[in-house]
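The data below hold one chain only, encoded as structure tokens and taken in the form predicted alone.
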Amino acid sequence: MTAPDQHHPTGAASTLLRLRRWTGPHRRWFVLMIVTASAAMLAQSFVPLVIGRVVDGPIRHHDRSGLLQLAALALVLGIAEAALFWARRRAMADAALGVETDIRRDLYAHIQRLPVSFHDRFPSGQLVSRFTSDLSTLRRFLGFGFVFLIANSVTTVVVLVLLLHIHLVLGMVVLAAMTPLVVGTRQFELRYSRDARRAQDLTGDLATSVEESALGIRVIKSYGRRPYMLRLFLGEAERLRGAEMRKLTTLGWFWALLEGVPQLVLAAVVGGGVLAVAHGSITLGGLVAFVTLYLRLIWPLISLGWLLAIMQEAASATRRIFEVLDTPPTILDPDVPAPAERGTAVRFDNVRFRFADAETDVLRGVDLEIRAGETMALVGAVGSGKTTLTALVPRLYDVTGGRLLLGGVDVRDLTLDQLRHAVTTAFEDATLFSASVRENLVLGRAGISDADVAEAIEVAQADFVHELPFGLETRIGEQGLSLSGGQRQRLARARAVLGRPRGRVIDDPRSAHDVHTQSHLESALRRVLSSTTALLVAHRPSTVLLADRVALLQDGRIAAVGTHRELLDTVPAYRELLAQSSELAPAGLAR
């Protein structure tokens, strides 16, 4: 998991300013929200002045003549407040939801541009929490917290001015009482920001745990480890609960300060106001208006704790989102792309590769040439780097040394669309999506015809799809777990076959299949491979028989290249590697 943000937590405002890119297009709605919310609260604030007039006029002089006008004014202020709050709600829907949608779109697009190495080290649950809980937190702040921080600030300033105007001394008492609130607010921001960030990170960890348990439910059940996994989950849930409780404790102390100080000031204001009325420095109506206005001021002060909490959580959520957005894509299109690849021959020229967090190279100078139209099998012991080598062809990773050429052109000089339309990859682990069979198949290439789909199904021996309840339109569920392992793999092979690419990279094309299916698949693959340049990762001896030549990968280098028969005759390491398979038979070796 990415380390928690260590920036000074008082940078909440500057952090949130980074959202201008998305809030800008919705500026008019934000302005409307702020104006309507501020106007509504000011309308509430003028009601106490009307009450003061009622006390000093009609009530004091027992004169009903002016009561109707003052009551009508209070009614108008109430109706205006209701209308303004409705307008704010309407603007909020367009502004906050619009920004959330735009950020989610750009965040998803950015994640798609990031290299596979990013996803190797970044837990998927952390990404999910950024897309869901963090964006929801941000929307709540933009639609409510941000607006009322401004509206409450405007209301507080206006009310303080009115209080000072009604009675200067009592107004100064109220103003002086705000000093401990300012100091308390500063301390609250420092602590709550840290607490909120920890809770958000733990939420991401818990999401990762839930996701992994859901995807691995068959393994958990088959090994009878449900109680063990439950204990792990409860441990993470308890840590999250502790972080949330710490956050709420911080908020509780601040709320106590915000609730307690205004009540003490209220007692002082009432006591002082009574003495002021007795000495004639303020009328009874003026005191009623002052106290009522002050009570109107208490809510903006008390809500300050909640609004600042929302702001700190939003700032923390924004930092977490920008941790992803600030990660630069490292595998990009060249500034001046090559016109096109000239052929399909693939050549590894002293290729080296090292993972970002590793100390040694996985590939230590690979030299290998696959001629146009040739099928090359790649064999090697477990962990020798076969899958890593094949991932370099479509630039899922970039070489860290040497060159990889396609048709004589460095793959880094081709656009990614150009490269990945020329070469398709079928992985050993069949990844399917919660969609229909057809949607999973055509994912590999746009503009696929029904004839292409039918041919791919035949080649991959995936005719079982026609027996599904709705045929190609059957939804296969998350990860395709409603299908068997062999069925999932055959669908993945069919997806790789679609579109007739000029080059193919296939990882163990015949694992998870029974003997009968393997026989048909071998015949179909021979037909497909005859018209393309292919690199096959061979985990079983029978796979090498599909290839024109075989390359042996040892210690990060190509140790030998030749036909299957040549390597059997001349390379002991090759014979020893094949002999480790239970599939091996003397007749097979002789071939």
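From 1 onward, residues are counted along the sequence shown. Remember, it's a predicted structure, so these values are computed and weren't measured experimentally.
Separately, the form predicted in complex with a small molecule exists; it is not shown, and the next lines address it.
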| query | finding |
| --- | --- |
| Heavy atom contact within 4.5 Å of the small molecule in the predicted bound form, the stretch among 280-288, 413-421, 328-336, 387-395 | 387-395 |
| Residue 214 within 4.5 Å of the small molecule in the predicted bound form, heavy atoms | no |
| Residue contact check: residue 109 to the small molecule in the predicted bound form, 4.5 Å heavy atom | no |
| Contact label in the predicted bound form: residue 162 to the small molecule, heavy atom within 4.5 Å | no |
| Touches the small molecule in the predicted bound form: residue 362 (any heavy atom, 4.5 Å) | yes |
| Listed residue that, although the small molecule is not shown, lies within 4.5 Å of it in the predicted bound form (heavy atoms), from 408, 447, 227, 383 | 383 |
| Listed residue that, although the small molecule is not shown, lies within 4.5 Å of it in the predicted bound form (heavy atoms), from 355, 299, 433, 253 | 355 |
